[in-house]
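Next comes just one chain, in structure tokens: the form predicted alone.
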């Protein structure tokens, strides 16, 4: 049974905190029914309380790929449609190149890349029935230039950019737009952890960001809302840096 009526329905993975929560907040404020997905039930519960009646929480660890088809089936059964998918869930690890194990590398690839593919594949099957939809991947500055000690993360996000273009070429003729957002350095717990322990890296970040300050999760939320909306109806296959100029800074 559909409870969506005329409202659009969005899924945001990793929607319980940080950038994912900011995106979900923009969507719910604009009356988009938003399903936040994540593995931390407590975080999801708090996020749902904050976001109100347009938000629904569905716990799922997207790195467990075999759970994804059932998740999407449950969403369709309950809401009847999926109009927007934001693939935001991701993990990072900072480690010297030679010390990264095969298992550690694979874990990041599975969460940041394989789950994005699996989520997109299952959602696209539903979007094709209506010949419409918008999918937004969250990329990174790590795909725009080289960053040391994050080899697996860099590999996963660079692959996301390639997947964005390939999906756009294949799916846009069928009414489904695919874009990505490449956040610069945004004030989140993940970034604070990375920068506060590494003053040299922090100095580099500000030194090459022309606008001179870090972005807020809200900035990514605004970009996602735009790309998901009809205002972006002729935009597909784009990787949009939201980075204060960091990717072109010197």
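Numbering follows the first chain given and starts at 1. A quick note: this is a predicted structure, and the numbers were derived from the prediction, not measured.
From this point on, the text means the form predicted in complex with nicotinamide-adenine-dinucleotide, which you will not see here.
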Next on the checklist: Given that nicotinamide-adenine-dinucleotide is not shown alongside this chain, does residue 191 nevertheless sit within 4.5 Å of it in the predicted bound form, heavy atom to heavy atom?
Outcome noted: yes
Next on the checklist: Although the partner isn't part of this model, could you tell me whether residue 60 comes within 4.5 Å of nicotinamide-adenine-dinucleotide in the predicted bound form, counting any heavy atom of the residue?
Outcome noted: yes
Checklist entry - Could you tell me if residue 90 has a non-hydrogen atom within 4.5 Å of nicotinamide-adenine-dinucleotide in the predicted bound form? => result yes
Checklist entry - residue 18 near nicotinamide-adenine-dinucleotide in the predicted bound form, any heavy atom under 4.5 Å? => result yes
Checklist entry - 51, 205, 186, 223: which sits within 4.5 Å of nicotinamide-adenine-dinucleotide in the predicted bound form by any heavy atom? => result 186
Checklist entry - Exactly one stretch in 162-170, 69-77, 138-146, 95-103 has heavy atoms within 4.5 Å of nicotinamide-adenine-dinucleotide in the predicted bound form; which is it? => result 138-146
